[in-house]
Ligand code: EPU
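This document opens with one chain alone, in structure tokens, the form predicted alone.
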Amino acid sequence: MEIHTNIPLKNFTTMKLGGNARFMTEVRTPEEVAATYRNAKAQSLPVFILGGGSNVIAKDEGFAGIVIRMRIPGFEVIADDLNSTTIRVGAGEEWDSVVKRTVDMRLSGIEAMSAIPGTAGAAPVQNIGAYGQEIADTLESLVAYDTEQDNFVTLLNETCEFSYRQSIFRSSQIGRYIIVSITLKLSKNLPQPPFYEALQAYFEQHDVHIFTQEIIRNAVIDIRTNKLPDPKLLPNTGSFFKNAIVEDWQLTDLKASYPDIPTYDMGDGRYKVPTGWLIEQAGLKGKVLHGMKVHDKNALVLINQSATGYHDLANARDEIINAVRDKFKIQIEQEPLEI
């Protein structure tokens, strides 16, 4: 296990911004995670866990501690019965590769989350989701290194306190747990309609009436390819903003002025409103702000067109947030974490 010094974070994050990490290393076993953290703690160094860098924004001042790049491999069937298969996945596995392997096994539960960049260990942190599925639906448990107790623990689904793009790992227990593996329980049943609105519309448009895990995956990849720019070609973090969540009374007020506002019923009197739609209605779709372009196909996405630092991104973000708040009285939130 090698430790490197003064590594540019912009080379390891898909937005291609940020200063240097003082130290950086890769870990390939849970034991290396524990040893690296203990060593950092002994030297009073802060620690940041980095997966694929697709949901992280690096600041201009860099990171004064050690960045641990998660590379723990593993894909193992640990239980199998008539209706389901349970799989343990190493935190360093590429998420989309995991999805493809489960689809090839004809398992349902994560196929609609195809083509989401990043690693498997990062999936529970923000409770990733797409087209009606989220990791909370299938995650049975996970194993993590508890930095406070200096031991490995198994956390069950309910312990993670999942909600929309949220978990204890980015709220009440941020920084405490380093996820080393996740366990997913997937169904052997075929996917059944009705599907998430955008996916259902795709099937109707393409006259698709037979649904398999592979058909769902291919459809999602096609939709995402047309909506989301490839971060390898155009620096971005995918959806930069979370979709807005409003109460029923807020929605009633909004519909009075915007009767065509799109919504998704989340139950309990709460509704998801596409933030991309809000940004577009605020007149910002396709606009370039401080070198950051609001994607002309999906206003949720910010592309680093000519920004020179985090300050450019922050200024663009704040202008967008303020414009949406002024027009709709809704406070939208950034999705990527910051280092």
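Numbers for residues come from their place in the sequence shown, where the first is 1. Keep in mind that what you see is a predicted model, and the values were worked out from it rather than measured.
What comes next is about the form predicted together with the named molecule, which does not appear here.
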query	finding
Asp312 within 4.5 Å of the named molecule in the predicted complex, heavy atoms	no
Contact flag, Trp277 vs the named molecule in the predicted complex, heavy atom cut 4.5 Å	yes
4.5 Å heavy atom contact, Tyr177 to the named molecule in the predicted complex	no
The named molecule contact at Pro262 in the predicted complex, heavy atom, 4.5 Å	yes
Candidate stretches 143 to 151, 221 to 229, 74 to 82, 183 to 191 - the one whose heavy atoms come within 4.5 Å of the named molecule in the predicted complex	221 to 229
Partner-contacting position among Ser167, Ser108, Thr138, Ser239 - heavy atom within 4.5 Å of the named molecule in the predicted complex	Ser239
Selected contact from Ile57, Ile49, Ala299, Ile303, since only one has a non-hydrogen atom within 4.5 angstroms of the named molecule in the predicted complex	Ala299
Partner contacts in the predicted complex for 189 to 214 (non-hydrogen atom within 4.5 angstroms of the named molecule)	Tyr196
